[in-house]
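As C-alpha cells, one chain now follows by itself in the form predicted on its own.
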Amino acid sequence: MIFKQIADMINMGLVVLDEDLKVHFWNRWMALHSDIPADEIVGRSLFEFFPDLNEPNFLRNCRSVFTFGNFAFFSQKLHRYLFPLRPVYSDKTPFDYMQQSCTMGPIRCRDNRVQFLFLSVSDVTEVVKYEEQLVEMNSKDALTGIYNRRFFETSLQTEFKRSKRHGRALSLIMIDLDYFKRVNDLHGHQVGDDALRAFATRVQSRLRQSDLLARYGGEEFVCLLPETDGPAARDLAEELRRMTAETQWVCREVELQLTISVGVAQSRPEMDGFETLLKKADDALYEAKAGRNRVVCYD
C-alpha cells in the first residue's frame, strides 16, 4: 500500500511486468498520460495496448532482466520514446509524441529470484526541445532563417570527404547581390533586410531537399549541391540569375531591381581539401562581379 502511494505521487511513469510481460502495476502518471486506467490494463499483456513494443530489441532486454538481473536503458537520442504518449503541451512542442528517457530493471523476491521487471518513464520533451532550439540558434542565420557560415563550412567539409570517398560529384555556387549597398543607402537597412530575407526564401524554393543554402556574410550566399556536376550547377546558377533579374522585388512598398553575380565550381579528384573548392568558387565569383549579373564557372 505504501509502495502504491509513493509510486502514484512521483512525477514519472512506473510500470511493473511479470514474466509473461503482463502488466502487474500501472501508476497514476502512466494512466494520466496514456488515457488507459490501471484497472483496464493490469493483468493483461502490455502488447495488447502497445503492439510496437513487441519487437526483438525490447524482448531481448526483457529476457536479460529476468535471466541475469541486468538493467537496460532506452535513451531519447536513440529511441525517442518507448510509449507513444501525447506531449503535455501538445500545442507548444514540435514532437508528435512525448520524448522519453526510460530504464528497465529487475524486482527480486525474498529468495533473490527476479520475479518482476520495472519500467520507469521520464518525460524529457522540454529538455530535448530546448537542446534542439540551441542547435538551431547556432546553425541558423538570425536575419534570413537559412543556415549560417559556420554550419555551411562544417557541412562542406563533410560533403567534400564523402564526395572524395565515393567518387561522386559535388558542386558549389557562390552568389553576391550586385550593388546591394545602394539599396541600404537609398532605402534604409530595413528594406535591405527584407530584400535579403525575400531573396533567401526564393532561392530556397528552387533547391532540392538535399541541397544546402547558407548566408555566407553580408549579401553573399552559398549553395552546396551534393551529387551535382559542374554543368548541372551552372544551369541552376543561370536559373537563379534569371529569376533574380526578372523578379519585381517589393519590400516595404519599395520596388527594387536586383541582380546577382554567381561563381560555380565542381570538386575535382586533384583537390586536396574543401578549402580548394571554396576558393575556386570564390575566384569564379570574383570574375563574375567584374561584369555583374552573370555566371562564371571555374574551369
Partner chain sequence: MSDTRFSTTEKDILQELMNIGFGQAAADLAQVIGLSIELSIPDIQLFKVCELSRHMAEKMAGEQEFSLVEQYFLGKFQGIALLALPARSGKKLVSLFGLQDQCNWSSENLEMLEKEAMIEVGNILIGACVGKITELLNDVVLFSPPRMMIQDVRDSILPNHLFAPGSLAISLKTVFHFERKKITGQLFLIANQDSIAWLKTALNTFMEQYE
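Quick caveat, the model's predicted, so the values are computed rather than measured. Positions refer to the first chain, counted from 1.
The protein also exists as the form predicted in complex with its partner chain; that form is not presented, and the subsequent description refers to it.
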- Message: Quick check for you: of 40-48, 24-32, 53-61, 240-248, which stretch puts a non-hydrogen atom within 4.5 Å of its partner chain in the model of the complex?
- Response: 53-61
- Query: Any chance Y97 has a heavy atom within 4.5 Å of its partner chain in the model of the complex?
  - Reply: no
- Report whether the minimum heavy atom distance between T259 and its partner chain in the model of the complex is within 4.5 Å. no
- Query: Taking heavy atoms and a 4.5 Å cut-off, does A142 contact its partner chain in the model of the complex?
  - Reply: no
- Is Y179 close enough to touch its partner chain in the model of the complex, meaning at least one heavy atom pair within 4.5 Å? no
- Residue (of V124, A198, L85, A72) lying close to its partner chain in the model of the complex, criterion heavy atoms within 4.5 Å: A72
- Note on the structure: As a check of understanding, the residue in H189, R150, K164, H79 with any heavy atom within 4.5 Å of its partner chain in the model of the complex should be identified as H79
- Query: Within 4.5 Å of its partner chain in the model of the complex: all of F68, R108 and N112, by heavy atom?
  - Reply: yes
- Item | Residues in 5-38 close to its partner chain in the model of the complex, defined by a heavy atom within 4.5 Å, in order | none
